[in-house]
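Shown below, as structure tokens, is a lone chain in the form predicted on its own; questions about how it binds or moves come after it.
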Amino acid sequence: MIISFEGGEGVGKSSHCARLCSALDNKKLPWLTFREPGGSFLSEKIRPLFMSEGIDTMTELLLVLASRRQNIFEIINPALDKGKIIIIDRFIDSTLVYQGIAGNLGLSEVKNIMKSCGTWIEPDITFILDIEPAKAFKRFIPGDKFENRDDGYHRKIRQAFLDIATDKRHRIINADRDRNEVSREIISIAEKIITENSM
């Protein structure tokens, strides 16, 4: 099973990934987690290249897909074969939003490229953490090239995630609440679907 966490900057993806992993530990369920870009040795080498200023959007896309393809063969497929639950901080939906919509490459074009190079894998659950960008800004100190972009860019990212959340796997989570309340909702949904899939 694959569970992905998506959303704009500062919505709490990393924190809630960690909290879900702790909940799975308590249930004695095997799990594995990583972020995108990143994960495998090669993918972690690709991450700083991806985050570099001055590269065009197609280059970003190709870098993140190279990272993901390596992860699929080195991390994801072996973990699935062992029955592990894989939790990913950003995955296919971030690629659609950041490079496809915000980067103007086109939603269909980016999806087709992912499919053609074997990097389109739909998670079983995708949590889209949603919060007003102005409130999210208060949660982090801007540092990377995406965090440093203007309010209009972040509002576009937020709307893009909401617009593409149309599949059964998508769960839009109001992240503008007490962190424990958000965490309880995420864990409850995940545990229910994990139970259903194991039957």
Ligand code: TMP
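All residue numbers are counted from 1 along the displayed sequence. Nothing here was measured: the structure is a model prediction, and the numbers come from that model.
This protein has a second form, the form predicted in complex with the ligand, left out of what is shown; the following refers to that one.
For I46, no non-hydrogen atom is located within 4.5 Å of the ligand in the predicted bound form, even though that partner is not displayed.
In the predicted bound form, at least one heavy atom of Q99 sits within 4.5 Å of the ligand.
In the predicted bound form, N71 stays away from the ligand, with no heavy atom inside 4.5 Å.
Although the partner is absent here, G39 lies well away from the ligand in the predicted bound form, with no heavy atom inside 4.5 Å. Every member of the trio K13, M51 and F91 reaches the ligand in the predicted bound form with some non-hydrogen atom inside 4.5 Å. F146 is the sole member of F137, F146, F34, W31 with a non-hydrogen atom within 4.5 Å of the ligand in the predicted bound form.
Only one listed stretch (22-30, 168-176, 61-69, 126-134) carries heavy atoms within 4.5 Å of the ligand in the predicted bound form, and that stretch is 61-69.
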